[in-house]
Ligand SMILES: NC(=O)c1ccc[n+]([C@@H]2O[C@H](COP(=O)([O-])OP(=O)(O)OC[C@H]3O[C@@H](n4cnc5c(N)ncnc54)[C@H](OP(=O)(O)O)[C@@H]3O)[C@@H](O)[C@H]2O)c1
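Presented as structure tokens, the chain that follows is alone, the form predicted alone.
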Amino acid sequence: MSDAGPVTRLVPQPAATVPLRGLYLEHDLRRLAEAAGRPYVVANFVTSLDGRIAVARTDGTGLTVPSNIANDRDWRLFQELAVQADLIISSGRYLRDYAAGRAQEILRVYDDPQFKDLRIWRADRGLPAQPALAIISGSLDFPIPAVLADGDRDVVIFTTEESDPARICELERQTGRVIIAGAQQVTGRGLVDAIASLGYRTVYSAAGPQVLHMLLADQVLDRLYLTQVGRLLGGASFSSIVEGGLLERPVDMRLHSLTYDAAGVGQLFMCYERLT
């Protein structure tokens, strides 16, 4: 699927035909973060109609984003959220998959020529070429890719009080900063407070369902972006958007925008805001 062609905005009313390109840039996350005066945290997932964001790999090496729901039009909107960020949240699991060649490219956003307009968007606002990268890990069991170790991109690792001090020192030599953001596990509040102390304001979580649970548990997620593709996948081994224990407090979300994309089998682009 090409990322050209219009979509139909259903909410807010009145309904209108609008371009796909620029759909999420218009949400102006940087303005929202400035108004909040604190880190403004958003997360994003693409899911099947039956709630699968990841299914078992055929080689038995874990889970992966299903190829039959991943698509160029959703990927364009992923990039539009990423380009607005000061900091992108990832995980040690992602870096392990990246090293094994099993992960989507989020370490070099905008390198693809089709996203030249987004590189220009950041440059026009005086922002660094790439958002900083936050890596969340308790085990610290992951390699640092050369693109991060040898580049000039800001990288911050968030871990726990129980992490191996020797491994912390090793990672600090490679990336510069390792920050304790929790006792036995990284917490949403510990993470966001540390992010605030570093001066980052617009924060984009490109991590998985356990990180989303962490953000929800401490009520620090501001927006959830969700692409729902009109396909049913089934399968016994899968991930959904949130994984973890029952939340002590439910997180109430209100629909902010809803857009229908008729390309291919069709998909919905949804944005929910947390009620405060």
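Just so it is clear, the structure is predicted and the values come from calculations on it, not from any experiment. Start at 1 and count along the sequence shown; that's the residue number.
Keep in mind the form predicted in complex with the named molecule is missing from the figure; the text below concerns it.
In the model of the complex, the named molecule stays beyond 4.5 Å of every heavy atom belonging to L29. Within 4.5 Å of any heavy atom of the named molecule in the model of the complex lies no heavy atom of G199. Residue contact with the named molecule in the model of the complex: V41 places no heavy atom within 4.5 Å of it.
Taking the partner from the other structure, the named molecule in the model of the complex has a heavy atom within 4.5 Å of a heavy atom of A54.
Using a 4.5 Å cut-off to the named molecule in the model of the complex, not one of L25, Q84 and R125 places a heavy atom inside that distance. Heavy atoms within 4.5 Å of the named molecule in the model of the complex map, among the stretches 136-144, 114-122, 167-175, 149-157, onto 136-144 alone. In summary, among the residues A33, V211, V220, L224, the only one with a non-hydrogen atom within 4.5 Å of the named molecule in the model of the complex is V211. Contacts between stretch 168-205 and the named molecule, counted in the model of the complex as any heavy atom lying within 4.5 Å, involve Q185, V186, listed in sequence order.
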